[in-house]
Ligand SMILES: Nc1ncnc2c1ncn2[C@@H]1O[C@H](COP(=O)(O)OP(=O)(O)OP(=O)(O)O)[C@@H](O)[C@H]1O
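Below you will find one chain, with nothing else, as C-alpha coordinates; this is the form predicted on its own, and questions on how it binds or moves follow later.
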Amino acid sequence: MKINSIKILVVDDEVGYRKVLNNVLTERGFSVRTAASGEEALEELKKQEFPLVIIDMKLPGGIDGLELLQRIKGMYNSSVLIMTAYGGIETAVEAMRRGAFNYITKPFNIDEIILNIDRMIAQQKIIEENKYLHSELEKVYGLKRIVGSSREIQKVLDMISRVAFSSATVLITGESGTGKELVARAIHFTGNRKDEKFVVINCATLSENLLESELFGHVKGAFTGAIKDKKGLFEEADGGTLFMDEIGDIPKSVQAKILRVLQEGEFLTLGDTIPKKVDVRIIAATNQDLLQRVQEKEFREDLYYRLNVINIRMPPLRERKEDIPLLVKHFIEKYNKKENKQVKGISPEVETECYHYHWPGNVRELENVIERAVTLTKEDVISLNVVLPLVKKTGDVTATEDELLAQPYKMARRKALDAFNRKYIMNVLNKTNGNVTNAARESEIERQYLQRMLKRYNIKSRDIF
(Lines give C-alpha, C1' and ligand atoms only; values in the text may rest on other atoms or scores of the structure.)
Protein backbone atom coordinates (compact mmCIF):
# COMPACT_ATOMS: atom_id res chain seq x y z
CA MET A 1 0.00 0.00 0.00
CA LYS A 2 1.83 3.11 -1.27
CA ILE A 3 1.46 6.28 0.81
CA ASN A 4 0.57 8.49 -2.16
CA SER A 5 -2.38 6.21 -2.92
CA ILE A 6 -3.75 6.26 0.64
CA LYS A 7 -6.75 8.54 1.16
CA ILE A 8 -7.41 10.02 4.60
CA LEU A 9 -10.63 11.73 5.66
CA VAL A 10 -10.32 14.20 8.56
CA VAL A 11 -13.59 15.10 10.32
CA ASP A 12 -13.44 18.00 12.81
CA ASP A 13 -15.61 21.06 13.30
CA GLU A 14 -12.60 23.17 14.36
CA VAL A 15 -11.02 24.68 11.26
CA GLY A 16 -7.61 25.00 12.94
CA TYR A 17 -7.28 21.26 13.56
CA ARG A 18 -8.50 20.50 10.04
CA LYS A 19 -5.84 22.76 8.50
CA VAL A 20 -3.02 21.40 10.66
CA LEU A 21 -3.84 17.78 9.85
CA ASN A 22 -4.40 18.52 6.17
CA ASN A 23 -1.01 20.26 5.83
CA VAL A 24 1.00 17.75 7.88
CA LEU A 25 -0.47 14.67 6.18
CA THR A 26 -0.34 16.16 2.67
CA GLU A 27 3.36 16.96 3.18
CA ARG A 28 3.93 13.29 3.96
CA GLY A 29 2.33 12.26 0.68
CA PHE A 30 -1.18 11.30 1.79
CA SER A 31 -4.29 12.31 -0.16
CA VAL A 32 -6.39 14.23 2.37
CA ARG A 33 -10.01 15.41 2.37
CA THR A 34 -11.66 17.23 5.27
CA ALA A 35 -15.21 17.57 6.60
CA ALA A 36 -16.65 19.84 9.31
CA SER A 37 -19.55 17.57 10.33
CA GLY A 38 -20.80 14.01 10.28
CA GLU A 39 -23.17 14.83 7.43
CA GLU A 40 -20.32 16.27 5.31
CA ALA A 41 -18.19 13.21 6.08
CA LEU A 42 -20.87 10.82 4.84
CA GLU A 43 -21.18 12.84 1.62
CA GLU A 44 -17.41 12.50 1.08
CA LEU A 45 -17.60 8.76 1.75
CA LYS A 46 -20.29 8.42 -0.90
CA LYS A 47 -17.91 9.92 -3.49
CA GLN A 48 -14.87 7.72 -2.73
CA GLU A 49 -13.45 5.20 -0.29
CA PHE A 50 -11.19 6.32 2.56
CA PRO A 51 -9.12 3.51 4.12
CA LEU A 52 -8.19 5.85 7.02
CA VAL A 53 -10.59 8.20 8.82
CA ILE A 54 -9.79 10.59 11.70
CA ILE A 55 -12.87 11.73 13.64
CA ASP A 56 -13.38 14.24 16.43
CA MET A 57 -15.88 12.82 18.91
CA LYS A 58 -17.66 16.16 19.34
CA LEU A 59 -19.33 17.14 16.07
CA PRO A 60 -22.15 19.62 15.34
CA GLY A 61 -25.51 18.59 13.86
CA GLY A 62 -27.43 15.36 14.24
CA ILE A 63 -24.48 12.97 13.74
CA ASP A 64 -21.86 13.00 16.50
CA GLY A 65 -18.53 11.16 16.37
CA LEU A 66 -19.88 7.91 17.87
CA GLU A 67 -22.77 7.78 15.42
CA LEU A 68 -20.46 8.53 12.48
CA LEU A 69 -18.13 5.75 13.61
CA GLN A 70 -21.01 3.25 13.68
CA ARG A 71 -22.15 4.22 10.20
CA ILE A 72 -18.63 3.98 8.78
CA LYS A 73 -17.96 0.57 10.37
CA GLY A 74 -21.35 -0.66 9.15
CA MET A 75 -20.70 0.27 5.51
CA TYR A 76 -16.93 0.38 4.93
CA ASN A 77 -13.67 -1.36 5.89
CA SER A 78 -12.06 1.90 7.04
CA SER A 79 -9.71 2.12 10.03
CA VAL A 80 -10.93 4.92 12.30
CA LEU A 81 -8.84 7.04 14.70
CA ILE A 82 -10.81 8.99 17.33
CA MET A 83 -9.81 12.45 18.63
CA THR A 84 -11.27 13.64 21.94
CA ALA A 85 -10.78 16.17 24.68
CA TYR A 86 -9.39 14.73 27.91
CA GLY A 87 -12.84 14.73 29.51
CA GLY A 88 -14.25 12.58 26.72
CA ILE A 89 -11.96 9.57 27.25
CA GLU A 90 -14.79 7.38 28.57
CA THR A 91 -16.74 7.95 25.33
CA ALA A 92 -13.59 7.29 23.27
CA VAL A 93 -13.12 3.94 25.02
CA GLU A 94 -16.71 3.09 24.12
CA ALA A 95 -15.88 4.00 20.51
CA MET A 96 -13.03 1.48 20.55
CA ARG A 97 -15.45 -1.18 21.73
CA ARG A 98 -17.51 -0.36 18.65
CA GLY A 99 -14.62 -0.77 16.24
CA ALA A 100 -12.40 2.34 16.42
CA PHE A 101 -8.72 1.59 15.89
CA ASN A 102 -7.51 3.87 18.70
CA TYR A 103 -8.07 7.27 20.29
CA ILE A 104 -5.85 10.30 21.01
CA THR A 105 -6.51 13.31 23.22
CA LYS A 106 -6.47 16.94 22.18
CA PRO A 107 -4.27 18.84 21.91
CA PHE A 108 -2.46 16.04 20.11
CA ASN A 109 1.17 15.42 19.28
CA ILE A 110 1.85 15.12 15.52
CA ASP A 111 4.25 12.23 16.07
CA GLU A 112 1.47 10.38 17.90
CA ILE A 113 -0.85 10.94 14.92
CA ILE A 114 1.77 9.63 12.47
CA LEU A 115 2.49 6.56 14.65
CA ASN A 116 -1.22 5.69 14.73
CA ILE A 117 -1.53 6.20 10.97
CA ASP A 118 1.39 3.82 10.36
CA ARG A 119 -0.35 1.20 12.47
CA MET A 120 -3.67 1.81 10.69
CA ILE A 121 -1.92 1.32 7.34
CA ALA A 122 -0.64 -2.04 8.62
CA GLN A 123 -4.22 -2.95 9.62
CA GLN A 124 -5.48 -2.00 6.15
CA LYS A 125 -2.86 -4.27 4.57
CA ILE A 126 -4.24 -7.16 6.62
CA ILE A 127 -7.81 -6.24 5.59
CA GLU A 128 -6.76 -6.21 1.91
CA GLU A 129 -4.94 -9.54 2.27
CA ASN A 130 -8.04 -11.06 3.89
CA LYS A 131 -10.25 -9.74 1.08
CA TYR A 132 -7.88 -11.32 -1.46
CA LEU A 133 -7.80 -14.57 0.52
CA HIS A 134 -11.60 -14.72 0.61
CA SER A 135 -11.82 -14.05 -3.12
CA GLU A 136 -9.36 -16.89 -3.70
CA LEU A 137 -11.31 -19.17 -1.37
CA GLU A 138 -14.46 -18.31 -3.31
CA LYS A 139 -12.69 -19.42 -6.50
CA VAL A 140 -11.44 -22.63 -4.88
CA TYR A 141 -14.44 -23.60 -2.77
CA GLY A 142 -17.33 -21.36 -3.77
CA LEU A 143 -20.22 -21.65 -6.19
CA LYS A 144 -17.89 -21.20 -9.17
CA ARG A 145 -16.40 -24.65 -8.51
CA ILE A 146 -19.76 -26.32 -9.14
CA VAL A 147 -19.79 -26.67 -12.91
CA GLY A 148 -23.00 -27.10 -14.89
CA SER A 149 -25.96 -25.35 -16.46
CA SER A 150 -28.54 -28.15 -16.28
CA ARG A 151 -31.83 -27.61 -14.48
CA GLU A 152 -30.79 -30.14 -11.83
CA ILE A 153 -27.52 -28.37 -10.97
CA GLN A 154 -29.19 -24.95 -11.05
CA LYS A 155 -31.58 -26.22 -8.35
CA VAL A 156 -28.55 -27.16 -6.25
CA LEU A 157 -26.92 -23.75 -6.75
CA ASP A 158 -30.18 -22.04 -5.84
CA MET A 159 -30.45 -24.06 -2.63
CA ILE A 160 -26.84 -23.25 -1.69
CA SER A 161 -27.52 -19.51 -2.11
CA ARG A 162 -30.69 -19.75 -0.04
CA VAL A 163 -29.19 -21.66 2.91
CA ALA A 164 -25.63 -20.26 3.01
CA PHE A 165 -26.44 -17.43 5.44
CA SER A 166 -28.66 -19.46 7.75
CA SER A 167 -27.54 -21.73 10.58
CA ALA A 168 -29.89 -24.56 9.63
CA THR A 169 -28.48 -28.07 9.51
CA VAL A 170 -28.10 -29.37 5.96
CA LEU A 171 -28.22 -32.98 4.75
CA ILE A 172 -26.65 -33.53 1.34
CA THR A 173 -27.69 -36.79 -0.30
CA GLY A 174 -26.50 -38.45 -3.46
CA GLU A 175 -24.39 -41.22 -4.90
CA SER A 176 -20.62 -41.41 -4.39
CA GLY A 177 -18.72 -39.05 -6.64
CA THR A 178 -21.52 -36.53 -7.22
CA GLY A 179 -19.76 -33.68 -5.38
CA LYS A 180 -21.38 -33.60 -1.95
CA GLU A 181 -18.31 -32.20 -0.18
CA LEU A 182 -17.99 -29.51 -2.87
CA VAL A 183 -21.54 -28.38 -2.04
CA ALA A 184 -20.75 -28.34 1.69
CA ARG A 185 -17.67 -26.18 1.08
CA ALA A 186 -19.66 -23.83 -1.15
CA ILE A 187 -22.28 -23.37 1.59
CA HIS A 188 -19.59 -22.57 4.17
CA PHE A 189 -17.41 -20.26 2.06
CA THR A 190 -20.41 -18.40 0.61
CA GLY A 191 -22.10 -17.83 3.96
CA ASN A 192 -21.51 -15.75 7.07
CA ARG A 193 -19.24 -18.37 8.68
CA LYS A 194 -16.61 -18.17 5.90
CA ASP A 195 -14.12 -16.47 8.25
CA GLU A 196 -14.29 -19.45 10.62
CA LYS A 197 -13.06 -23.02 10.26
CA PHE A 198 -14.47 -25.63 7.90
CA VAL A 199 -13.72 -28.98 9.53
CA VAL A 200 -14.20 -32.32 7.76
CA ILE A 201 -14.59 -35.84 9.11
CA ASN A 202 -15.38 -39.04 7.21
CA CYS A 203 -17.47 -41.05 9.65
CA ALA A 204 -17.06 -44.33 7.73
CA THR A 205 -13.30 -44.55 8.17
CA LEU A 206 -13.09 -44.58 11.99
CA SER A 207 -13.94 -47.16 14.61
CA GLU A 208 -16.63 -46.32 17.18
CA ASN A 209 -14.20 -45.36 19.98
CA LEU A 210 -11.89 -43.40 17.71
CA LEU A 211 -14.82 -41.58 16.09
CA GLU A 212 -16.17 -40.53 19.49
CA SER A 213 -12.74 -39.24 20.55
CA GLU A 214 -12.28 -37.37 17.26
CA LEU A 215 -15.66 -35.67 17.50
CA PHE A 216 -15.80 -34.81 21.19
CA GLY A 217 -12.18 -34.95 22.34
CA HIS A 218 -10.93 -36.52 25.57
CA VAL A 219 -9.17 -35.58 28.77
CA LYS A 220 -5.92 -37.13 29.93
CA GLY A 221 -6.56 -40.59 31.43
CA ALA A 222 -10.03 -40.98 29.87
CA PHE A 223 -8.94 -44.34 28.46
CA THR A 224 -5.80 -46.37 27.95
CA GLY A 225 -3.47 -44.39 25.72
CA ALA A 226 -5.03 -40.98 26.50
CA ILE A 227 -1.74 -39.44 27.64
CA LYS A 228 -2.87 -35.83 27.21
CA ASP A 229 -5.99 -33.74 26.67
CA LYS A 230 -7.28 -33.71 23.09
CA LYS A 231 -9.64 -31.13 21.60
CA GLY A 232 -12.49 -32.69 19.56
CA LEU A 233 -13.67 -31.56 16.14
CA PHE A 234 -16.87 -30.01 17.50
CA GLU A 235 -14.75 -27.72 19.66
CA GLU A 236 -12.29 -27.20 16.79
CA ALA A 237 -15.16 -26.06 14.54
CA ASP A 238 -16.73 -23.74 17.15
CA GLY A 239 -18.13 -20.72 15.29
CA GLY A 240 -17.69 -22.47 11.95
CA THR A 241 -18.90 -25.57 10.13
CA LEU A 242 -18.41 -29.29 10.75
CA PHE A 243 -18.91 -31.39 7.62
CA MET A 244 -19.75 -34.98 8.55
CA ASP A 245 -19.38 -37.18 5.49
CA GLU A 246 -20.89 -40.69 5.42
CA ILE A 247 -23.15 -39.79 8.35
CA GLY A 248 -25.14 -43.01 7.86
CA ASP A 249 -22.23 -45.08 9.17
CA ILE A 250 -22.16 -43.52 12.64
CA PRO A 251 -22.78 -46.04 15.46
CA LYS A 252 -25.97 -45.53 17.48
CA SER A 253 -24.04 -44.73 20.68
CA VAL A 254 -22.39 -41.78 18.94
CA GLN A 255 -25.66 -40.78 17.24
CA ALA A 256 -27.16 -39.94 20.64
CA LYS A 257 -24.29 -37.59 21.45
CA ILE A 258 -24.55 -35.82 18.10
CA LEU A 259 -28.27 -35.37 18.73
CA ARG A 260 -27.44 -33.62 22.01
CA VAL A 261 -25.17 -31.16 20.18
CA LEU A 262 -27.95 -30.40 17.69
CA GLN A 263 -30.60 -30.00 20.39
CA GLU A 264 -28.67 -28.34 23.21
CA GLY A 265 -25.53 -26.95 21.54
CA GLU A 266 -23.37 -28.80 24.07
CA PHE A 267 -21.43 -32.04 24.52
CA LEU A 268 -19.29 -33.91 27.02
CA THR A 269 -15.61 -34.48 26.36
CA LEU A 270 -14.68 -38.13 27.02
CA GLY A 271 -13.66 -38.47 30.66
CA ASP A 272 -15.07 -35.07 31.65
CA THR A 273 -18.26 -34.23 33.56
CA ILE A 274 -18.69 -30.57 32.62
CA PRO A 275 -20.56 -29.92 29.34
CA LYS A 276 -18.98 -27.64 26.75
CA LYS A 277 -21.08 -25.19 24.76
CA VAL A 278 -20.40 -24.78 21.03
CA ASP A 279 -21.86 -22.86 18.12
CA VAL A 280 -21.30 -25.21 15.19
CA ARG A 281 -23.21 -25.54 11.96
CA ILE A 282 -23.44 -29.20 10.93
CA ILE A 283 -23.55 -30.17 7.29
CA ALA A 284 -23.91 -33.92 6.81
CA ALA A 285 -23.70 -36.07 3.71
CA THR A 286 -24.60 -39.62 2.83
CA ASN A 287 -24.96 -41.89 -0.19
CA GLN A 288 -27.33 -44.14 1.77
CA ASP A 289 -31.09 -44.05 2.17
CA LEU A 290 -31.25 -42.85 5.77
CA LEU A 291 -34.98 -43.53 5.99
CA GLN A 292 -34.21 -47.14 5.12
CA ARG A 293 -31.57 -47.14 7.87
CA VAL A 294 -34.21 -45.73 10.26
CA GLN A 295 -36.63 -48.54 9.33
CA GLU A 296 -33.84 -51.06 9.86
CA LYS A 297 -33.33 -49.57 13.37
CA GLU A 298 -29.75 -48.71 12.46
CA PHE A 299 -30.22 -44.93 12.52
CA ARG A 300 -32.10 -42.84 15.09
CA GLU A 301 -35.29 -41.33 13.70
CA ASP A 302 -35.01 -38.19 15.87
CA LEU A 303 -31.44 -37.61 14.63
CA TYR A 304 -32.55 -38.09 11.02
CA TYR A 305 -35.14 -35.32 11.31
CA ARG A 306 -32.66 -33.05 13.12
CA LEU A 307 -30.14 -33.52 10.31
CA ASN A 308 -32.66 -33.30 7.48
CA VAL A 309 -33.80 -29.72 8.17
CA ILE A 310 -32.59 -28.71 4.70
CA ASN A 311 -32.07 -31.45 2.11
CA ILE A 312 -29.93 -30.95 -0.96
CA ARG A 313 -29.92 -33.86 -3.39
CA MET A 314 -26.90 -34.09 -5.67
CA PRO A 315 -28.05 -35.60 -8.96
CA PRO A 316 -25.98 -38.41 -10.49
CA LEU A 317 -24.15 -37.51 -13.69
CA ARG A 318 -26.49 -39.69 -15.77
CA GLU A 319 -29.33 -37.29 -14.82
CA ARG A 320 -27.41 -34.19 -15.95
CA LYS A 321 -25.61 -35.36 -19.08
CA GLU A 322 -26.00 -31.95 -20.71
CA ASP A 323 -23.36 -30.77 -18.19
CA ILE A 324 -20.74 -33.24 -19.47
CA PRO A 325 -19.24 -30.90 -22.15
CA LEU A 326 -18.79 -28.14 -19.54
CA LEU A 327 -17.27 -30.57 -17.04
CA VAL A 328 -14.92 -32.02 -19.66
CA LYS A 329 -13.75 -28.51 -20.62
CA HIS A 330 -13.26 -27.62 -16.95
CA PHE A 331 -11.21 -30.75 -16.21
CA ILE A 332 -9.09 -30.41 -19.36
CA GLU A 333 -8.19 -26.84 -18.36
CA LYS A 334 -7.42 -27.99 -14.81
CA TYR A 335 -5.11 -30.82 -15.84
CA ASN A 336 -3.51 -28.91 -18.70
CA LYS A 337 -2.17 -26.56 -16.03
CA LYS A 338 -1.14 -29.37 -13.73
CA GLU A 339 0.58 -31.46 -16.43
CA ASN A 340 1.80 -28.49 -18.52
CA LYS A 341 -0.10 -29.80 -21.54
CA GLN A 342 -1.95 -28.04 -24.39
CA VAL A 343 -4.90 -30.38 -24.95
CA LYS A 344 -7.66 -28.48 -26.77
CA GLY A 345 -10.58 -30.85 -26.25
CA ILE A 346 -12.08 -34.25 -27.08
CA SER A 347 -12.99 -35.79 -30.42
CA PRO A 348 -16.67 -36.09 -31.51
CA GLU A 349 -16.42 -39.86 -30.96
CA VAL A 350 -15.31 -39.32 -27.35
CA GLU A 351 -18.12 -36.83 -26.84
CA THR A 352 -20.63 -39.43 -28.05
CA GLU A 353 -19.10 -42.11 -25.82
CA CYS A 354 -19.23 -39.76 -22.81
CA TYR A 355 -22.91 -39.07 -23.45
CA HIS A 356 -23.91 -42.75 -23.77
CA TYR A 357 -21.75 -44.02 -20.93
CA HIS A 358 -23.58 -44.66 -17.62
CA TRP A 359 -20.92 -43.01 -15.34
CA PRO A 360 -21.42 -45.17 -12.22
CA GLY A 361 -18.67 -43.19 -10.50
CA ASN A 362 -20.33 -39.89 -11.44
CA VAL A 363 -18.33 -36.63 -11.71
CA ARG A 364 -15.41 -38.12 -9.77
CA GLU A 365 -15.08 -40.86 -12.39
CA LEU A 366 -15.32 -38.35 -15.25
CA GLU A 367 -12.60 -36.22 -13.68
CA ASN A 368 -10.39 -39.28 -13.21
CA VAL A 369 -10.87 -40.31 -16.85
CA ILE A 370 -10.06 -36.81 -18.15
CA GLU A 371 -7.01 -36.48 -15.89
CA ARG A 372 -5.59 -39.77 -17.14
CA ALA A 373 -6.50 -38.97 -20.74
CA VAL A 374 -4.77 -35.57 -20.60
CA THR A 375 -1.70 -37.24 -19.11
CA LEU A 376 -1.59 -40.10 -21.64
CA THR A 377 -2.56 -38.43 -24.92
CA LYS A 378 0.15 -37.36 -27.34
CA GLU A 379 -2.26 -35.34 -29.48
CA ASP A 380 -3.93 -31.99 -28.87
CA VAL A 381 -7.37 -33.66 -29.05
CA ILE A 382 -8.25 -36.67 -26.87
CA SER A 383 -9.25 -39.58 -29.10
CA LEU A 384 -11.50 -42.59 -28.47
CA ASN A 385 -8.64 -45.09 -28.35
CA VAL A 386 -7.22 -43.18 -25.35
CA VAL A 387 -10.54 -42.99 -23.47
CA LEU A 388 -12.03 -46.46 -24.00
CA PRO A 389 -9.47 -48.35 -21.85
CA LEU A 390 -10.10 -45.86 -19.03
CA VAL A 391 -13.83 -46.47 -18.57
CA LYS A 392 -15.91 -49.47 -17.52
CA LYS A 393 -18.37 -51.00 -19.94
CA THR A 394 -21.80 -49.38 -19.77
CA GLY A 395 -23.87 -50.83 -16.97
CA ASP A 396 -20.92 -52.60 -15.32
CA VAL A 397 -21.56 -51.14 -11.90
CA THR A 398 -21.09 -54.24 -9.74
CA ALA A 399 -17.71 -54.69 -8.12
CA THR A 400 -16.10 -58.11 -8.30
CA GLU A 401 -15.66 -60.13 -5.12
CA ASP A 402 -11.90 -59.47 -5.13
CA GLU A 403 -12.55 -55.72 -5.47
CA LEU A 404 -14.97 -55.83 -2.54
CA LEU A 405 -12.54 -57.78 -0.35
CA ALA A 406 -9.89 -55.13 -0.96
CA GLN A 407 -12.13 -52.34 0.39
CA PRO A 408 -12.96 -51.29 4.00
CA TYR A 409 -15.64 -53.51 5.55
CA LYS A 410 -18.43 -50.93 5.76
CA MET A 411 -17.90 -49.75 2.19
CA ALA A 412 -17.73 -53.33 0.88
CA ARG A 413 -20.85 -54.35 2.82
CA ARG A 414 -22.77 -51.37 1.45
CA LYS A 415 -21.74 -52.07 -2.15
CA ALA A 416 -22.60 -55.76 -1.82
CA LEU A 417 -26.00 -54.87 -0.32
CA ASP A 418 -26.66 -52.36 -3.10
CA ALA A 419 -25.81 -54.97 -5.74
CA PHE A 420 -28.14 -57.52 -4.08
CA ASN A 421 -30.99 -55.00 -3.72
CA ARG A 422 -30.76 -53.98 -7.36
CA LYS A 423 -30.68 -57.58 -8.57
CA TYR A 424 -33.55 -58.57 -6.28
CA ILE A 425 -35.77 -55.68 -7.39
CA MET A 426 -35.04 -56.29 -11.08
CA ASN A 427 -35.96 -59.97 -10.59
CA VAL A 428 -39.25 -59.33 -8.79
CA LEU A 429 -40.27 -56.68 -11.33
CA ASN A 430 -39.55 -59.11 -14.14
CA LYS A 431 -41.86 -61.61 -12.44
CA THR A 432 -44.66 -59.03 -12.24
CA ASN A 433 -44.11 -57.57 -15.73
CA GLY A 434 -43.01 -54.26 -14.27
CA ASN A 435 -46.07 -53.79 -12.04
CA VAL A 436 -44.76 -52.02 -8.91
CA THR A 437 -47.84 -52.73 -6.78
CA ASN A 438 -47.68 -56.47 -7.52
CA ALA A 439 -43.88 -56.45 -7.02
CA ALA A 440 -44.33 -54.88 -3.57
CA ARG A 441 -46.93 -57.54 -2.68
CA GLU A 442 -44.73 -60.37 -4.06
CA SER A 443 -41.65 -59.24 -2.15
CA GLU A 444 -43.55 -58.19 1.00
CA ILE A 445 -42.01 -54.73 0.77
CA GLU A 446 -44.12 -51.61 1.37
CA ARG A 447 -44.94 -50.02 -1.98
CA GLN A 448 -43.69 -46.57 -0.87
CA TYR A 449 -40.38 -48.08 0.24
CA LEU A 450 -40.07 -50.01 -3.04
CA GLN A 451 -40.62 -46.76 -4.94
CA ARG A 452 -37.75 -45.17 -3.04
CA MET A 453 -35.50 -48.11 -3.89
CA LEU A 454 -36.43 -47.83 -7.57
CA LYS A 455 -35.44 -44.17 -7.45
CA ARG A 456 -32.24 -44.88 -5.56
CA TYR A 457 -31.06 -47.54 -8.02
CA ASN A 458 -32.39 -45.67 -11.07
CA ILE A 459 -34.62 -48.59 -12.09
CA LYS A 460 -37.47 -47.70 -14.42
CA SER A 461 -40.29 -50.26 -14.17
CA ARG A 462 -41.26 -49.64 -17.81
CA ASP A 463 -37.81 -50.81 -18.93
CA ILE A 464 -37.90 -54.15 -17.14
CA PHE A 465 -39.41 -56.35 -19.81
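All residue numbers refer to positions in the sequence shown, first residue = 1. Since the model is a prediction, treat every value here as computed from it, not as a measurement.
Although not depicted, the form predicted together with this ligand is the subject of the following passage.
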item	value
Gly177 within 4.5 Å of this ligand in the predicted bound form, heavy atoms	yes
4.5 Å heavy atom contact, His330 to this ligand in the predicted bound form	yes
Interface membership of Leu215, this ligand in the predicted bound form, 4.5 Å heavy atom rule	no
Proximity of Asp238 to this ligand in the predicted bound form, heavy atoms at 4.5 Å	no
Single option in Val147, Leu291, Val309, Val200 placed near this ligand in the predicted bound form, where near means a heavy atom within 4.5 Å	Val147
In the predicted bound form, the residue from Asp249, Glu196, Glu371, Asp245 that sits within 4.5 Å of this ligand by heavy atoms	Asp245
Among 68-76, 169-177, 266-274, 253-261, the region lying within 4.5 Å of this ligand in the predicted bound form by heavy atom distance	169-177
Partner contacts in the predicted bound form for 349-367 (non-hydrogen atom within 4.5 angstroms of this ligand)	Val363, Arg364, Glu367
